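Here you get one chain, nothing else, as structure tokens; it is the form predicted on its own.
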């Protein structure tokens, strides 16, 4: 499989396929701008780092690399629902595509960097979980900025309600010392307080467990990290909700694939279609969820 992927899609000196943890296939990219690693399992981006700079993404050192489990850290793709589904049973949290192997459709060089496109479609197994036919494509551009575009085409004959998230784990020097701007005066649903509606006052800071869905917002968020002398600009399209998450002390201890001290080094700022921002996609139509991340000096 690795040899065939390299024969079909490798780009000389910039993009190649290899065997990763537990022999799971990965694609590794290194160009003049940045480096990256993506697992075909879940089309899961686990590393993005500009040349000579600190990593942008946080990865759990306890992450599972198994075909039946999602990878903790990086950018999991949550689809076609975010969180726990309305009907539980056999349906996993955050959907099923993060636990499936994706196909590689195309690789190429562009003016912005190195581009790779993955895809996955409906199968009898997926229809048993979610009764809709679909094609999902995911385009990543690795350059001075990291660009992600998740596109859902409804290939069935009935409308499909879709929730989604680019569940991005950002690496930070210390979660307690950063601040996030761009959400002042925005309402949010506090998932630690029964989804009660509250209003953000000032910058978002982390001093305890945080799990919030900010609603009716298309705003860019900025992570200010003074110890690393860095800002991370997180812009989006196709989304009117943003999730901010840090598990803090006690929840970190309860998650087997998350280090007890891992909360110090990460914060999730997630581009989502969550809560009232789910989308009803008509047959033949496409919905695109886009996120770009740009590091810059503070």
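Positions refer to the first chain, counted from 1. Every value quoted in this text rests on a predicted model; they were computed, and no experiment measured them.
The form predicted together with 6-O-phosphono-beta-D-glucopyranose is left out here; the points below concern that form.
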query: Every residue of 94, 167 and 243 near 6-O-phosphono-beta-D-glucopyranose in the model of the complex, heavy atom within 4.5 Å; finding: yes
query: Contact stretch among 244-252, 61-69, 47-55, 225-233 - heavy atom within 4.5 Å of 6-O-phosphono-beta-D-glucopyranose in the model of the complex; finding: 244-252
query: Interface residue in the model of the complex among 103, 191, 205, 122, criterion: non-hydrogen atom within 4.5 angstroms of 6-O-phosphono-beta-D-glucopyranose; finding: 191
query: Single option in 211, 161, 219, 184 placed near 6-O-phosphono-beta-D-glucopyranose in the model of the complex, where near means a heavy atom within 4.5 Å; finding: 211
query: Proximity of residue 138 to 6-O-phosphono-beta-D-glucopyranose in the model of the complex, heavy atoms at 4.5 Å; finding: no
query: Residue contact check: residue 82 to 6-O-phosphono-beta-D-glucopyranose in the model of the complex, 4.5 Å heavy atom; finding: yes
query: Partner contact for residue 132 in the model of the complex: 6-O-phosphono-beta-D-glucopyranose, 4.5 angstroms, heavy atom; finding: no
query: Stretch 268-295: residues contacting 6-O-phosphono-beta-D-glucopyranose in the model of the complex, 4.5 Å heavy atom cut-off; finding: 270
